[in-house]
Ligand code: DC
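Here's a solo chain for you in structure tokens, the form predicted alone.
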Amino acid sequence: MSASVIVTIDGPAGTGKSSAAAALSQRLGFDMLDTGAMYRAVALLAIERGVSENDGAGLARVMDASHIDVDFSSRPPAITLDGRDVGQRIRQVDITGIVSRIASHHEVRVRMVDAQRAVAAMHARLITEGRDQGTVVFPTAALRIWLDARPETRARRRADELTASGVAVEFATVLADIIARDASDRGRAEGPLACPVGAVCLDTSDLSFAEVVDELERAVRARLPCLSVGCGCGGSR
């Protein structure tokens, strides 16, 4: 297969990366990879196998004995753990509470980076979103995007999501968690959260979801004109 056309979308929690990446991939006909969901699957694995989120070597052992995969036959793609769809389970509060620590371990990250690059090698066009996609995993991607928003905005979005799913939360608690997560993600030694060099930056604080996707589509088409003229990268519009 020829080299993949890769678009990365990075940014802190609550900026709408996953939803925006999914919508953008539909518009452009790309496949989409939610790398945060892969780390959440490792967190679920830790809970189910009784491994501490602080035990990098233990996490590596259970990862090597298990199979985290992405089922691209569904839209958006489903994350599976040993063959079972865990998409809903990995969004629960106990997973959210430990995933940042899980992702801080070198043993976990090297395995995830290898897995994510292996996915890209199998897809001609891929939008991949997470925390380190444009800085570590795919630093030479065709387009690197950075999404951000004010912490208060991100906390309100997260609180609304939890409330809609039937989970009672206090806004102040969610905001404190967002701020702590930012500090943890930015301060870790392995794949710290950072804006990729040369990235297209978009603050989503005052934009609707549709506006965010529109802006992202404009950025991709401006940087990758082959999507419109059919230069061999697979574009159809």
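The shown structure was predicted, so the numbers you read here are calculated from the model rather than taken from an experiment. Throughout, we count residues from 1 along the sequence that is shown.
Same protein, other form: the form predicted in complex with this ligand, not shown, and the subject of what follows.
Put simply, residue 84 is far from this ligand in the model of the complex: not one heavy atom of it is within 4.5 Å. In the model of the complex, no heavy atom of residue 204 sits within 4.5 Å of this ligand. The shortest heavy atom separation between residue 131 and this ligand in the model of the complex is within 4.5 Å. For residue 36, a non-hydrogen atom is located within 4.5 Å of this ligand in the model of the complex, even though that partner is not displayed. Heavy atoms within 4.5 Å of this ligand in the model of the complex are found in exactly one of 72 to 80, 131 to 139, 161 to 169, 144 to 152, that being 131 to 139.
With the partner omitted here, the residue from 157, 109, 89, 123 that has a non-hydrogen atom within 4.5 angstroms of this ligand in the model of the complex is 109. Counting a residue when any of its non-hydrogen atoms is within 4.5 Å of this ligand in the model of the complex, the hits in 89 to 120 run 91, 99, 100, 103, 109.
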